[in-house]
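Presented below, as structure tokens, is a lone chain in the form predicted on its own.
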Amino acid sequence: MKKAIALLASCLMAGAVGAAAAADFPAKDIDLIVPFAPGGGVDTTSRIIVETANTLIEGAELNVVNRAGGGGVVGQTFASKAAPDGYTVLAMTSSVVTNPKLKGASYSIDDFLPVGLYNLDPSVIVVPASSPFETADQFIAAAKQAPLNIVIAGIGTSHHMGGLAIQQVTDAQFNYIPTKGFGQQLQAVLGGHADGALWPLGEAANHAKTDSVRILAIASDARDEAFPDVPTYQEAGIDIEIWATFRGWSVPKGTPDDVVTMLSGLLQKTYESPAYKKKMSEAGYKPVFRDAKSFKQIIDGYAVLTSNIIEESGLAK
């Protein structure tokens, strides 16, 4: 009986401490782990978020911490093992879903709790401005004859999955060249060392506007206002309606619900800031917001879709 009472008291005390911790949150700086090198879309958007978010919280700051390696595995592993107290937030992308399946990463998607989504960035087919391919039709036709060299952020990223999806519906052939960050991808494309790339629109937009690259098609259900002459995948004969990189926040499993709610609220307040929306749009990224529940639905849908692609491609570890 005494043991039962002691156990109950211990549980009640732990709950009280957890509630107090949530009520005091944040009491120190929060690390936003970007699992990629500086300069890419995740890093760029994270820094835009932090700039506004830090004007909305008191007594603490969000700090961007780059932990690149393994196509996201290094940073994602670090975040999965961090204390579940809200002070380590992962800049979460689709590779969290696919890295365990493709690379045998030690974590799983269930080791994270979604906080909120801040960007959905449709994939585009990009070629150098000097490329002989003027249209997506020409690009796919050439890839059916011989493999084209495509630079990607890493095996298991949405870039890679998007390429495999194109291969499935068109019989195109691609050789994938993993790189260490967007800077290397850009150099390869601009230097003509690759036939093309599968980038999120946000990363391609500014370079397309300066005519250093050419966008051949966009994986969206409608043409983009900024590039009205670029056809959708469907219009280009690629039977994929939507393929987009998602970007959001997540925290380690076990983080108190109140802390998750507070972080989600901070992300929403950041989204509601006109200055934030302006900076995101100027950088080529469409700002959106989805709460934890809606973000989880997007993650779950992507997990089902990519599981089929990975299985059919024989790439599962």
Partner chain sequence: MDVIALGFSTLFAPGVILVLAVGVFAGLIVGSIPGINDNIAFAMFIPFSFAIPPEQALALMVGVYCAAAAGGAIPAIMIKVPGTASALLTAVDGNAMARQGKAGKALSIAITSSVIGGIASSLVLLVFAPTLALFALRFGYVENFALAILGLSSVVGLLSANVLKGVISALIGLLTATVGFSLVTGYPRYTFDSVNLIEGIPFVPLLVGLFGIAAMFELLVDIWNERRSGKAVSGLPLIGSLKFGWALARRLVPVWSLSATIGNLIGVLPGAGMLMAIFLSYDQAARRFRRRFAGKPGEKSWGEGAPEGIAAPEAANSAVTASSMVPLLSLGIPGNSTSALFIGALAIHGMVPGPLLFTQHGHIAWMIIVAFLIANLILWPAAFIVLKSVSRSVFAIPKEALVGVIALLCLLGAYADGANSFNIWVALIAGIVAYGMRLAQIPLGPAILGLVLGPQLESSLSNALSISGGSWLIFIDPVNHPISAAMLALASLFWLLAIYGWWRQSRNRSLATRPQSDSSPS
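Residue numbers count along the first chain shown, from 1. This one's a predicted model, so the numbers in the text were calculated from it and none came from an experiment. Take the two forms, find the largest set of C-alpha atoms that superpose within 1.5 Å, and that set is the rigid core.
Another form exists, predicted in complex with its partner chain; not displayed. Remarks below refer to it.
The partner is absent here; in the predicted bound form, the one residue of Gly86, Gly163, Pro114, Gly71 having a heavy atom within 4.5 Å of its partner chain is Gly71. Proximity to its partner chain in the predicted bound form, defined as a heavy atom within 4.5 Å, singles out one entry of Gln184, Ser80, Thr170, Thr232, which is Gln184.
Only one segment in the set 119-127, 190-198, 87-95, 221-229 has any non-hydrogen atom within 4.5 angstroms of its partner chain in the predicted bound form, and it is 190-198.
Taken together, the three residues Ala142, Glu241 and Lys277 all stay farther than 4.5 Å from its partner chain in the predicted bound form, as judged by their closest heavy atom.
Proximity of Val260 to its partner chain in the predicted bound form: non-hydrogen atoms within 4.5 Å are absent; the residue sits far from the partner. The shortest heavy atom separation between Gly39 and its partner chain in the predicted bound form is within 4.5 Å. Proximity of Val151 to its partner chain in the predicted bound form falls within the 4.5 Å heavy atom cutoff. Shown alone here, Arg290 lies farther than 4.5 Å from its partner chain in the predicted bound form, counting heavy atoms only.
Contacts between stretch 76-113 and its partner chain, counted in the predicted bound form as any heavy atom lying within 4.5 Å, involve Leu102, Lys103, listed in sequence order.
Shown in the overlay between this form and the one not shown, fitted on the rigid core, is a CA shift at Met92 smaller than 2 Å.
Once you line up the core between this form and the one not shown, the Cα of His160 ends up 2 Å or more from where it was.
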